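Listed next as structure tokens is one chain, alone, in the form predicted on its own.
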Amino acid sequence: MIYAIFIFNNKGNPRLTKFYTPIEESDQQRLLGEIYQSVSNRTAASCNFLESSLIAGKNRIIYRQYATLYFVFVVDEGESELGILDLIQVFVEALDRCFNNVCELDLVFKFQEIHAILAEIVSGGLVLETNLNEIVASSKSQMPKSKRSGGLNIGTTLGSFATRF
């Protein structure tokens, strides 16, 4: 079972937090800090798996760093570490396809879409879908048309505005 999913930037600011087990809010804040510290202090040559007992007894922290973002999954001992690393890769690729080269600002300003994409992949701590094409198609069908096309095209908008005057 997946207990929690986090995305942190390299300064420790959480960009996505999703808990699948009930935890008090004060404990959530403490957990975020502890998990970020344990992940960020590791060297690039270190393994991407950590043993932990932070949530619901014995569990594992599995993470992957992409540029300035850490994608972190806290799972029970029954989950496959390599399977979760693959799931992180699927999640990142789905974000990349839905937002055309996803960046940290997308995580900040389009958090509802990010949570919707995550809900296509994981629900209640259980993996629902791993097929990237299915995830992207379902997510794009749920997004409003303006958001699917990437929002306003500022260049076109300003160009059409300038030709009117």
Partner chain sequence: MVVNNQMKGLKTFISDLRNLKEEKDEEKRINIELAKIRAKFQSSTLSAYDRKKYVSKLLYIYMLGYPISFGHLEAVNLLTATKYSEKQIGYLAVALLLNENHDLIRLVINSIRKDLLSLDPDKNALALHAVANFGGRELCEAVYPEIQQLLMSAATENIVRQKAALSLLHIYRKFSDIMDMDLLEPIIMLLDDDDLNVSLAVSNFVFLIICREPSLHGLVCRKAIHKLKLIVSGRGYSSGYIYYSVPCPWLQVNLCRILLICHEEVTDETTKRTLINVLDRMLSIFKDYKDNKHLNVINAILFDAIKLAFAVDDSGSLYQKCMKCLGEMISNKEPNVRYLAFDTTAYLISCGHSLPSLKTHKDLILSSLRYKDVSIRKKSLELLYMMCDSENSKTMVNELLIYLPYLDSVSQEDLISKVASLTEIYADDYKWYVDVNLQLLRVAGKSVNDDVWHQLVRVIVNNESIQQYAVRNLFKLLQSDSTHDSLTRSGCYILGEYGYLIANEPGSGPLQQFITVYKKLHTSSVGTSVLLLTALLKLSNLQPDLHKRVAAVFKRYSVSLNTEVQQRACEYLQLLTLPKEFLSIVCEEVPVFTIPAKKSLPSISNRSDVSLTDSVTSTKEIDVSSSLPGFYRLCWRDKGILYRDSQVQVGALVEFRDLQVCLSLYFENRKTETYTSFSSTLLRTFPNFKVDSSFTDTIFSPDKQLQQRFSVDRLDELFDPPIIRVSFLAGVMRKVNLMLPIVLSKFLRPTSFDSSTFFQRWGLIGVEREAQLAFGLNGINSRLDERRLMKIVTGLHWGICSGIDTNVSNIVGAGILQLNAQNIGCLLRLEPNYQNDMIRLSIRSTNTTVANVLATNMQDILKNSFYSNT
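Just so it is clear, the model here is predicted, and its values are computed rather than measured. Residue numbers count along the first chain shown, from 1.
What comes next is about the form predicted together with its partner chain, which is not displayed.
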(message) If the cut-off is 4.5 angstroms on heavy atoms, which of these, Q112, N101, Q37, T68, is the one near its partner chain in the predicted bound form?
(response) Q112
(request) Give a yes/no on whether N10 approaches its partner chain to within 4.5 Å in the predicted bound form, heavy atoms considered. (result) no
(message) Contact with its partner chain in the predicted bound form for G33, defined as at least one heavy atom pair within 4.5 Å: yes or no?
(response) no
(message) So in the predicted bound form, is its partner chain close enough to L87 to count as touching (4.5 Å, heavy atoms)?
(response) yes
(message) So in the predicted bound form, is its partner chain close enough to D27 to count as touching (4.5 Å, heavy atoms)?
(response) no
(request) For the heavy atom contacts within 4.5 Å of its partner chain in the predicted bound form, list the residues of 91 to 106 involved, in sequence order. (result) E93, L105
